[in-house]
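What follows is a single chain, given as structure tokens, in the form predicted alone.
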Amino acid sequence: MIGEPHDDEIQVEALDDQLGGPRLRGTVIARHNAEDLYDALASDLIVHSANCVRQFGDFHLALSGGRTPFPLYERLMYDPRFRILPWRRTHLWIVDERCVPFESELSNFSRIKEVIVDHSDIPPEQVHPMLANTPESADRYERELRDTLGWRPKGHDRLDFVLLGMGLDGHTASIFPGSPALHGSDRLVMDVAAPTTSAPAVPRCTLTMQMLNASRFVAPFIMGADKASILQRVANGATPDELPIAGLRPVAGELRWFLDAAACGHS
């Protein structure tokens, strides 16, 4: 897997010409409404998946839970423009998971399975749920990632597309302020304690910042006026210790923020 990022590898930010937004590291894709933002993100996902299948023969996609991305997931299933995503060549990974059984309504995988896995032709052996409710879940998931991605040439043994969200404390994945998954670890997956900022306070299993930053394409997908001030703090130089999402600095990869008008601070 690719190592730590360096400052000289950070891209200069660019703002989308349709709507101004916070000057974040990477590229900001801003749209006035949710429908246009879903289209922009889905279009990038389609292009990137096709390029990866052409180059490597497969596509490794890691998805997040939460409320924001599910209308996008549904669109991938019913919109004819996006049904061309190559699910039969896709490996589906989970960014993070609560330590609950799959049948729990708190399970990220349960909803992703219901919306995507059950309605696409993705082969079952290419679906990789995170068994967070079992002993040594992080160790097992890390081995699965290394074994599966290890079939690729060295340097390309990484996730191709990671879709992330952001909480009101600036966390992304299940990397909360002060999390051991934030800094200085060679681990790709870690079990983490229950966050004090969420209810119910359930322990999690998560991809680490090291793993996220090793990915080919990192897409924070953020909507809502309540996120605008947090994003502005990131743009103003907040540290990862203050706001973990500020730690996103892909190594030899692309960081593209997908924001609606409200998240950009527009009413």
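Note that residue numbering begins at 1 and tracks the sequence as displayed. All values derive from a computational prediction rather than experimental measurement.
If you look for the form predicted together with 6-phosphogluconic acid (6PG), you will not find it shown, but the lines that follow are about it.
With the partner omitted from this view, the residue of His48, Arg216, Arg31, Lys227 that lies near 6-phosphogluconic acid (6PG) in the predicted complex is Lys227 [heavy atom within 4.5 Å].
Among residues of the shown chain, His171 is one whose heavy atoms approach 6-phosphogluconic acid (6PG) to within 4.5 Å in the predicted complex.
The shortest heavy atom separation between Arg54 and 6-phosphogluconic acid (6PG) in the predicted complex exceeds 4.5 Å.
Heavy atoms of Pro203 never reach within 4.5 Å of 6-phosphogluconic acid (6PG) in the predicted complex, leaving it off the interface. Within this chain, Asp96 lines the site of 6-phosphogluconic acid (6PG) in the predicted complex, having a heavy atom no more than 4.5 Å away. Partner contacts here mean any heavy atom within 4.5 Å of 6-phosphogluconic acid (6PG) in the predicted complex, and among 207 to 215, 229 to 237, 59 to 67, 34 to 42 they occur only in 59 to 67. In the predicted complex, 6-phosphogluconic acid (6PG) lies within 4.5 angstroms of a heavy atom of only one residue of 104 to 123, namely Asn108.
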